[in-house]
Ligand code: DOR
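In the block that follows, a single chain appears as structure tokens, in the form predicted alone.
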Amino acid sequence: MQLQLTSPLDMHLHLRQGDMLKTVAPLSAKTFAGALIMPNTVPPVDSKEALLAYKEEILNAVNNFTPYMTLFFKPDYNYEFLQSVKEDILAIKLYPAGITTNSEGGVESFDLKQLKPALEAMSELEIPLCIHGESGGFVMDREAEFIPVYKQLASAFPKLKIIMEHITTKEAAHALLEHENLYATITLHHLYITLDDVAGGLLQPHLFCKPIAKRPEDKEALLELALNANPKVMFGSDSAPHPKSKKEAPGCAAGVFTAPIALQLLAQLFEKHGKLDNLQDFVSGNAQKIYNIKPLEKTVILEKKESEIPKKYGEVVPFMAGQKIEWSIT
């Protein structure tokens, strides 16, 4: 059995910088036509100069791949600045301050008076807003506690496309459907694992991520959206590489590395549920409509043929390292 995917897109990807970027960027470029690149580098990508320099660094490491760039949201972005970068970005990414890796410079307060000028300018310029939606509360409740913020923003700025990044809860899945201008990305690993896989037995550091994996009923809500390729959701891997020394260590870094095996494992999952016909829309069609983009043409052919996930890519341990899976990329 073979499956052909046209121009797969990863709408949430971390490429890091320097040697790490040189290791992981070609792995995404091998099987994806493009990806939305996260801006939480060190320092963050929050100026036009930094944006163009980061894009050049990525393009020097890949072939036949479009890096769709983002800026790190700052409340003081004004219309003139945003207009000057509009053609260089696809979206702007908002992080609550300190909530995840390299987000210390994020938003401290969701006071609409403070955010209004930037968000109104984004609405007028039709620049989507991507949000890492978590509060600073108890770790299992952070996403659910943030949902009122999503709803407030969606109501206050109805012309602004808001992407709820890497949703993990049934509450987020329900909220997504309540507002016309809310959309979401769903990761591979949150379709496969729950918190029990991370910490139910021996701690599995390579499954630790933010937002943390949740309960079985949350995973089922995500599967319902993804497997049916609901037009409000799209694939975003949130593939986040860290060297093994940072994962298998005190203060384990948050992030799951899935980029090289994402399509194979999605094919396995969608076939298991009898939904292979919906995979094309989940990994490309929906994103094209939501972001109004036409990606470069790339055909990826997968085959129902057993393969084994490598134990490492450079110094990075991937999701399900060393395990045999049912699909391969030919």
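None of these values were measured; they are calculated from a predicted model. Start at 1 with the first residue shown and count on from there.
Keep in mind that the form predicted in complex with this ligand is missing from the display, and what follows is about it.
The stretch among 120-128, 206-214, 82-90, 146-154 whose residues place heavy atoms within 4.5 Å of this ligand in the predicted bound form is 206-214.
By the 4.5 Å heavy atom rule, the three marked residues Arg16, Asn40 and His242 all count as contacting this ligand in the predicted bound form. Mapping the unseen interface onto this chain, Asp238 counts among the residues with a heavy atom inside 4.5 Å of this ligand in the predicted bound form. Though the partner is left out of this view, Thr101 does reach within 4.5 Å of this ligand in the predicted bound form, counting heavy atoms only. Contact annotation for Ala254: at least one heavy atom lies within 4.5 Å of this ligand in the predicted bound form.
Shown without its partner, the chain has His166 as the single residue in segment 135-172 with a non-hydrogen atom within 4.5 angstroms of this ligand in the predicted bound form.
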